[in-house]
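Single chain ahead, written as structure tokens, the form predicted on its own.
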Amino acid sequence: MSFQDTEEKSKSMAQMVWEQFKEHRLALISLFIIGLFIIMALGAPFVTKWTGISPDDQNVFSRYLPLMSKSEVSADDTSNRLAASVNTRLHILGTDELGRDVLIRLVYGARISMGIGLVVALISALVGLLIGSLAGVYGGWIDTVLMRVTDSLLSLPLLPILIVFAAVDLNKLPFFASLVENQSQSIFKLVFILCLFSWMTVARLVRGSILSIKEREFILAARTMGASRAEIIITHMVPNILAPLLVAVTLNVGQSILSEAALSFLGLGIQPPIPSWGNMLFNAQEIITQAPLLAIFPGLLILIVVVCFNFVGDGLQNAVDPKALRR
């Protein structure tokens, strides 16, 4: 046996998956782009501190400025100390209908849109993992009830249901009104709605994966040694279904970002003054002929991020395929 063969066998599963993932060039490039967007979103407060521009700063005398424009700041503007110390501001991507800087709002919008997509995907994965595991392991009437509920929710038209739920006013519900601040209610409500209708595909995927492995030798051996069902699920089944689950989570992020953008575009998602790519599109629809770039920039970012997440999911699907792993 050669040294190269010994080295190949000594590689961990994660190393083999990563090497296989790197062969998908578009997935690797997409992962790099997503990383840049995440760094940009996390660094939004530092961008504000460095430039002295806040996403809520308005200047009605600097509306619809073109790219690379400068606006004057009055000396008595004390809302921002750094802004008051300079006479002009550079707006790389121009300004919107209220004179707000488009670039800084896109940066802060990335925090909301991508944050909601990631949170919804993770929560949906946990819920789908729990329900799919219970249905696949226990079977019987538990499987029947859980899968009929799942099928019922899958059969509903998603967008009209999301619109109906998004139109609910949380201020009329005393419990939720006291639990969440007014400014954060639209974010909390949107995350709750998307999580409520995003776990079904994951649950069916997990159930199918468990049904395919529950009668294998290592599961039967664990049962023979007296392991409980909970131990079998956590110790043996969950690690074996993490690969398809990870792919489902990655693809679900893009779908959640699109759902957030759709609801915000309809005026039922994230409410101003909180910036998101969806409500930036909503604000730009009435002035698209006057300032088309206000709609192009957020729409382009949504397209790029969703496509990148889909490419990453495709790359992970190829990487975790046992037939594709090199022996």
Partner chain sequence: MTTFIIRRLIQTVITIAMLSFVCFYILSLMPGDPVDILASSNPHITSEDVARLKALYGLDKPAYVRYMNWLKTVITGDLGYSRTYKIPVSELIGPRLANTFFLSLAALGLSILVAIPLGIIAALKQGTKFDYVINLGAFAGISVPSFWLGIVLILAFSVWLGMFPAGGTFTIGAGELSGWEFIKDRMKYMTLPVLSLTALQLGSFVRYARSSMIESMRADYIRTARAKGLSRLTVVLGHGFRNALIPLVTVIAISFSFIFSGAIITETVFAYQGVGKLVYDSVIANDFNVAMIAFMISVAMVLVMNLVADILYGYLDPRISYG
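Positions refer to the first chain, counted from 1. All of these numbers come straight from a predicted model, not from anything done at the bench.
Absent from the display: the form predicted in complex with its partner chain. The rest refers to it.
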- Item | Close approach of residue 230 to its partner chain in the predicted bound form, 4.5 Å, heavy atom | no
- Is there any non-hydrogen atom of residue 38 lying within 4.5 Å of its partner chain in the predicted bound form? no
- Can you check whether residue 152 is within 4.5 Å of its partner chain in the predicted bound form, heavy atom basis? yes
- Evaluate residue 53 for contact with its partner chain in the predicted bound form, applying a 4.5 angstroms cut-off between non-hydrogen atoms, and reply yes or no. no
- Check each of 34, 266, 274, 44 and return the one that places a heavy atom within 4.5 angstroms of its partner chain in the predicted bound form. 266
- Which residue, 163, 134, 103, 126, has a heavy atom that falls within 4.5 Å of its partner chain in the predicted bound form? 163
- Applying a 4.5 angstroms cut-off on non-hydrogen atoms, the residues of 280-310 near its partner chain in the predicted bound form are 281, 285, 288, 289, 292, 295, 296, 299, 300, 302, 303, 306, 307, 310
